[in-house]
Ligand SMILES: NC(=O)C1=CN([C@@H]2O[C@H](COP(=O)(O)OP(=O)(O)OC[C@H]3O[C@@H](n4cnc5c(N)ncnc54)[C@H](O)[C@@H]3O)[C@@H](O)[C@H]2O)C=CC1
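Given as structure tokens, the chain that follows is alone and in the form predicted alone.
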Amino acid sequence: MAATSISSATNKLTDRSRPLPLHTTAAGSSAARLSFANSSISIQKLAISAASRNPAPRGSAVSALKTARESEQASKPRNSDSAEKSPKPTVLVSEKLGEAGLDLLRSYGDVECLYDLSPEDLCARIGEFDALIVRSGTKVTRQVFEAAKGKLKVVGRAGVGIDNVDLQAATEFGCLVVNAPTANTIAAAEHGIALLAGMARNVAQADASMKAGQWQRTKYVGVSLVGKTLAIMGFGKVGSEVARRAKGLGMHVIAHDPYAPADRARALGVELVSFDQAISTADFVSLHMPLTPTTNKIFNDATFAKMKKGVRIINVARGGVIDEDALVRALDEGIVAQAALDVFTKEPPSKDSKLVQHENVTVTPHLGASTKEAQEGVAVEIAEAVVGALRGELSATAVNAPMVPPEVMSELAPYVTLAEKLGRLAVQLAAGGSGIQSVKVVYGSSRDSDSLDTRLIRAMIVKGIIEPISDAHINLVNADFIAKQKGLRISEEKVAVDSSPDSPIDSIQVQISNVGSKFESALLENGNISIEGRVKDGMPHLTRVGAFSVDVSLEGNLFLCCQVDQPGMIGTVGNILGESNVNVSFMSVSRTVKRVKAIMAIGVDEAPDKETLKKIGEVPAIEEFVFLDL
């Protein structure tokens, strides 16, 4: 680019309020509202937290992110009092929770227990809280996330099922959802077995009969469990425990679950079969599947028609998996001999429910997890998950975020800032009206692809690319969703390099294709914008721009100048910046051929004004330049 064109382009270079837009799909108007900054779930903080539990060699993980965070905060007003007395996170508990869990929450934040809130009241209050803890009775809908206006960072479900939480909306708004899947496993399994045995021997009906003054021994003759076939529909934690106990009762156990590992089933002496085989051969059918669009009313007229006449059904999972009207018809026709139900489509069910009042149905009011031990265990488990999330840790029970093990977070911590900085640089180098649609990330590593988990790094690159040019706030929860929503395709490639196996990544290269560039020297021969970075001494560095090798610490702001390689250029540009009171923090020069062309990278503490940029652009030997805000 000629010097004369630099001057005319200066306004565009310095106008950072109008960067290149991403290509946006028809659905691309919605944006997430939650940032990971400060008290919310920072991906950087996630890495720091993991590093503190699993320190990387020489402490580089923590020091890298600590230094980066300090540099980011350096220009902000400091208030030691406010820093020392930062407000505690606020937690709303909308349904009863065990005292042990509440005590744990109170030790970390301000807790308010507001039970039996209406949907309208929940929406009215939710904007005051960082976290919400619910059981099964509170519906956390899209309206709740919208009413939170970005304040809500984590929703904790005290139990296993999360069908009362709108996961799609939570993900869009960057809110982490965690559950407590293990504490009530045994309680739910025991209740399933209790219903199984009680139904087989008509315990509830006989009890009611005797209390009504009757003695009906012949009416309540039961059936034996020994030798009968039990089909477990959903072979997860609870289903597996039910199987273990049913085997002890002498039952033949089969199971259907498309995701269950065959070796685990074999270890318990359980045969995995198809859905139709399970329902058509079983004497008893015990339901342990989640409620999803696929399983909603999966037990309907057609399903019951395939069952053995006289089958008995137990449900301690989710009421919605059964078409309750169809079950009543199956009971009346004798296809289903008995049913024992702990859960219902609508809870509580209506008092005149034909299903509840049916003489061959045993019902309990959602007692699956209702033991003293389970209630305390669930309370502690969900409190630990919520507190961990508020501290910036990614819980192992998160249900809407990729599971990144702590040891991986610790190892990748130094590369977190690098990834975001490279994304920010790349998007500022792009020009043109078509929008960014395709980004390629190339990792240089000595490790096998299977042992290199890059989800955290990819999320940070997406964050760096999207946040500067939209109102979306990106985190590990919603990065992939927002990228897809914006029409941004991210491809990844791993290139084998000869580097230390102790380092998971040697270099990260970000390429943007099918766009112009504000700095043509950043283009490769294939026309892609390309920048590359490495971590050096725990700090992120820019090491390549296009075909030019550079060595620039990624902090503060950055000038990139392409110039004729001649004496005096460093002094000329430095003098212009000095006259404008812009402090230079570092300078690096790279050239292709002596006295032909060079790239000068200049780090500055302050953003120069338009007049300063204009003077730099008017230097005859400068062919093009760009100012980048890091």
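Please read these numbers as outputs of a predicted model, since none were measured by experiment. From 1 onward, residues are counted along the sequence shown.
Keep in mind that the form predicted together with this ligand is missing from the display, and what follows is about it.
Chemist: Can you tell me if His366 lies within 4.5 angstroms of this ligand in the predicted complex, counting non-hydrogen atoms only?
Modeler: Result yes; His366 sits at the interface with this ligand in the predicted complex.
Chemist: May I ask you to check whether Lys151 falls inside a 4.5 Å heavy atom distance of this ligand in the predicted complex?
Modeler: Judged by the heavy-atom cut-off of 4.5 Å, Lys151 is well away from this ligand in the predicted complex.
Chemist: Does Phe559 reach this ligand in the predicted complex if we count a contact as any heavy atom within 4.5 Å?
Modeler: Close contact is absent here: in the predicted complex, Phe559 is far from this ligand, nothing within 4.5 Å, heavy atoms only.
Chemist: Does any heavy atom of Asp257 come within 4.5 Å of a heavy atom of this ligand in the predicted complex?
Modeler: Yes.
Chemist: Within 4.5 Å of this ligand in the predicted complex, counting heavy atoms only, one of 533-541, 445-453, 418-426, 229-237 shows up; tell me which.
Modeler: Within 4.5 Å of the partner lies stretch 229-237.
Chemist: If you check Val316, Val155, Ala389, Ile474 against this ligand in the predicted complex, which one has a heavy atom within 4.5 Å?
Modeler: Exactly one listed residue reaches within 4.5 Å, namely Val316.
Chemist: Considering non-hydrogen atoms and a 4.5 Å limit, which listed residue (Glu381, Asp130, Glu555, Asp342) is close to this ligand in the predicted complex?
Modeler: Comparing distances to this ligand in the predicted complex, the residue within 4.5 Å is Asp342.
Chemist: Counting only non-hydrogen atoms and a 4.5 Å cut-off, give the residues of 509-545 close to this ligand in the predicted complex.
Modeler: Nothing in this stretch is in contact.
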